[in-house]
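Only one chain is included here, represented as structure tokens and corresponding to the form predicted alone.
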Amino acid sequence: MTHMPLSLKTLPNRRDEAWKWSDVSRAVSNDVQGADTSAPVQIFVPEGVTVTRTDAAATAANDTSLVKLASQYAGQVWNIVVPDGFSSENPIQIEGLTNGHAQISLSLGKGASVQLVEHYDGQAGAFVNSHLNVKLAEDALLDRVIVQTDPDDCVRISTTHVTAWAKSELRQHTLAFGGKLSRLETRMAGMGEGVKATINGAYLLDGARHCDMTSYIDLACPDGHIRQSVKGVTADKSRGVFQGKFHVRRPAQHTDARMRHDCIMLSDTSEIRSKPELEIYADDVVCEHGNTIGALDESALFYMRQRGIPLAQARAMLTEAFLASVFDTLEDEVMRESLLEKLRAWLEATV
């Protein structure tokens, strides 16, 4: 398949309200790797799960420009199908995605339960744009873990659309270290009663790295239960962005949805941009959001230094305690410890 070269004018920029803090067109150069090619994708699945490839379908009119570009340049869609009632201790793993565009579809059948592990580690100077479309049938459970370790000159856009039917559940935990520009976006539509979601994440940024965690949860049915906690640490001249929105439609009575974003700035030259939102049309709900930005507790640092703990170690210990709580809801102990080890390694090198 022959593709036309990518025009930077088609990329989101600061004039787009949803992208005003993550100007993709400015971050991507004309000679960037992967701008007009399909991405290498590696998918490993447990026995009983099928993977096929089909031609890309036309995108919806309301899809973002980057989803449309993924459809245009990826060529084909990777289709992962988990049958009804399926369960396995082995996860689905998605790797590769080092440069270029990719489209992936994941469907969980009724009552299916599976873990999905995605590792994003791009090439130096690359542009990566991936779109994951997830469908959760009734009573399905997806336990998703994302680890993003791109180099500091990589631009990555990862967009996920989740359609959740009655009593299905999404558990998502993300650990991100940013890049020249990275945006990890999750959009979820609750289309059945009793939908549950835990969408937690942590970003750790140094140098001039940029990380944008954006989410949009659209609830159309009663008894939804949503928990979201995102925490970040910024150092040097890095930039963190959080945008989260709960849209509770009139039929979605008895929704219980709570969102928090908390960040520590380790330097005065780093930046944080945050925009938590609630749009509620139902009248019998419990919905709340919170946002804090601050520095490490000087009194706690003083207390620890008085007891002989070196300053760097004390700063690292306090920062780890602040961040680690977002992974308390990750039931896979081995995976949780792996994420915490990566977190500690960053703190040792940075704090």
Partner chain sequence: MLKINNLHVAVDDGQKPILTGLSLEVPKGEVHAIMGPNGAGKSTLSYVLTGRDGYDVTDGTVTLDGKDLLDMEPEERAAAGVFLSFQYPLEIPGVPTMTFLKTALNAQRKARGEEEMKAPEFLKKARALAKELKMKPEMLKRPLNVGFSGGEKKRMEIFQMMMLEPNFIVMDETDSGLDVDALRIVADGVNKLRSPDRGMLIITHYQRLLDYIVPDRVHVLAKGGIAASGDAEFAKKLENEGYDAYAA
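Everything numeric in this text was worked out from a predicted model, so none of it was measured. Numbering follows the first chain given and starts at 1.
Just so it is clear, the following notes concern the form predicted in complex with the partner chain, a form of the same protein that is not shown.
- In the model of the complex, the partner chain lies farther than 4.5 Å from every heavy atom of Q42.
- Residue contact with the partner chain in the model of the complex: G308 places a heavy atom within 4.5 Å of it.
- Although the partner is absent from this view, A300 contacts the partner chain in the model of the complex, with a non-hydrogen atom inside 4.5 angstroms.
- Among residues of the shown chain, Q313 is one whose heavy atoms approach the partner chain to within 4.5 Å in the model of the complex.
- The putative spot formed by M304, M317 and A321 is fully lined by the partner chain in the model of the complex; each residue has a non-hydrogen atom within 4.5 angstroms of it.
- Just one listed stretch, out of 48-56, 33-41, 65-73, 292-300, contacts the partner chain in the model of the complex at the 4.5 Å heavy atom level, and that stretch is 292-300.
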